[in-house]
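Given next, in C-alpha cells, is a single chain: the form predicted alone.
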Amino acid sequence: MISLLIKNAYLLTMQGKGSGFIKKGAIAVHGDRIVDVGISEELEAKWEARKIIDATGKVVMPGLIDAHIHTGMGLYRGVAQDIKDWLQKGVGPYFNHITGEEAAAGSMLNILEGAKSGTTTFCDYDYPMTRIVENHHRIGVRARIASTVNELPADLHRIKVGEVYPLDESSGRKKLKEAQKLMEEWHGKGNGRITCILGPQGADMLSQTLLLEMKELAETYDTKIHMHVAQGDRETDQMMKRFGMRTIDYLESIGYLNERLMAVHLTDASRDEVQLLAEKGASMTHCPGSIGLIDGVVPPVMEFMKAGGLAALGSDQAPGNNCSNMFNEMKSAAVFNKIKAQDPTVMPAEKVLRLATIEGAKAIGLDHEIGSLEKGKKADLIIVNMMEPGLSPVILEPVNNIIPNLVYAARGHEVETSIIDGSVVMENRNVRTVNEEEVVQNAQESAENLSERIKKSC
C-alpha cells in the first residue's frame, strides 16, 4: 500500500519539451518519492493508498523553484522602492542594524509567504544563514542554501555613492568560516531537503584572494557557487575602479566561468558577455520583478537562453520586489520580455513555467531530484484550484488555456495543497508545520523594534 494517490487531476508533469499534460491524470507517492504517474483509471486500478485526494477541477504540477531569494531581508519589505542608490540609501540602514534574531523572523515570514504561493524549493542566499536555515527545516520546505560571504564594511551606507568601498578582510574570513560550518552541519539534513552551496556576494565585494579560495572550496565540496554577477552600473563602476575590468571578463580571468556558477541578474551584462557566460556552462537566475523595480531594467535572459544557457527565475528580496511569490515572477518575466522585444510571441507561458520548474531545477543542479513529476523523483508537488474565479473557465480544446492562466492570472492563493519530500506541508491553505499568526506577529514586532533603532540612529 502506497502513502498517497492523487487522482482526476489536470496533470502537468513537465516531462519532455512541453508541459507533459495529462487531462485526467494521477500520481502515486510512497514515502518521499513518486512511484507512478499516468492516467487516473489505470493508477486507481493498480495502487491502493492510505490517503486519496480527488483533484477534479485542479492542476497538479511540480512545486515552484525560487532560484534566488534573500529571505532574511523580509522585515524591510517595501523600503527601497522608487529611489536611486537603493542598496546604500534604502537597504543599508536596515542591513546594518538588524540582529540575527530579527533576520530569522523576517526569513520565516518570507518562507511562509512563498510556501503558501506554491514555492517548494528556495535557493536562499543570506546571512546569518546559520539561523535562517532552521526556518527552512522547521517549515519543511526544500532549501538550497548559501551563506553570503563579503568583505564589505559595516558602514557601507555612509560611504559616498561612486566612492570605492574598502574591503574588510577580517569580516570576510569570519563569514567564510560560517559558510564552511553551515556546509559541515547542514548539508544533506532533513532527508536531503537541505543542501548547501557557496555564496560569494559579488566580485566587487570580495578580494581576489577570497574569491579564489571559495572557488577551491567549491571544487573540494563538489558544489555550486551562487553569486551576483554584473548586477548593475554600481558594480561595474566598482569593478572598473578596483580592477580595471568589467565583472564577467574579470571572472573569466580567474577561472570562475564554468558549470558551477549560478550567475544572478546579469543586469549590466553586454551581449558578448552573456554569450561567453552561456558558452562556459554557467546558469543564469532572472529576477524580473526586483530588477524592474530597483533598476528599471529587463536583464538579458532572452539573449542568454538563445545562446544555449540554462536559466531559472527568482524573487530576490522583499525590499526590492515586495513579495516572495513565483507566480508574480513568472508573469513579470513573460510580460517584461515581451515589452522589451516588442514581440508578444517571446517568452511564452509554457517556457516561463518550465523556468520555474524543470529548467530551474537544471540551473540549480537539482533536476535529478525535482522539477518534474516522474517516477523516482522526490514528491515535491502542488495542487492548484482552477475553479477559482480568476482561473476559470478551464478550456482544453481547441486551445488549452490552463498554462496561460496559471502564468498570467494566478496570484498564488489558488494553491491549496503543497507536498514536499512526500509530506503534506500545506492542505486546504493551512500550513501544518508553523502557526501563521505567530509568524506574522513575530515579524511585525521585530520590524517595529528594528525601525525604532534606525530612527534613533538617524
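Computed from a predicted model, the values in this text were never measured in an experiment. For every residue, the number given is its place in the sequence shown, counted from 1.
What comes next is about the form predicted in complex with a further copy of the same chain, which does not appear here.
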Task: Location of a further copy of the same chain contact in the predicted bound form, chosen stretch of 191 to 199, 248 to 256, 293 to 301, 272 to 280 [non-hydrogen atom, 4.5 Å] - done: 293 to 301
Open item on the list: Test of understanding: in the predicted bound form, would residue 405 fall inside 4.5 Å of a further copy of the same chain by heavy atoms?
Closed with: yes
TODO: Check whether residue 131 has any heavy atom within 4.5 Å of a heavy atom of a further copy of the same chain in the predicted bound form, and answer yes or no.
DONE: no
Task: Contact of residue 95 with a further copy of the same chain in the predicted bound form (heavy atom, 4.5 Å) - done: no
- [ ] Please check if residue 83 has a heavy atom lying within 4.5 Å of any heavy atom of a further copy of the same chain in the predicted bound form.
- [x] yes
Task: Of 35, 424, 394, 39, the one that lies within 4.5 Å of a further copy of the same chain in the predicted bound form (heavy atoms) - done: 394
Open item on the list: By the heavy atom within 4.5 Å rule, which residue out of 372, 267, 328, 135 makes contact with a further copy of the same chain in the predicted bound form?
Closed with: 328
Task: Residues within stretch 67 to 86 having a non-hydrogen atom within 4.5 Å of a further copy of the same chain in the predicted bound form - done: 74, 75, 76, 77, 78, 79, 81, 82, 83, 84
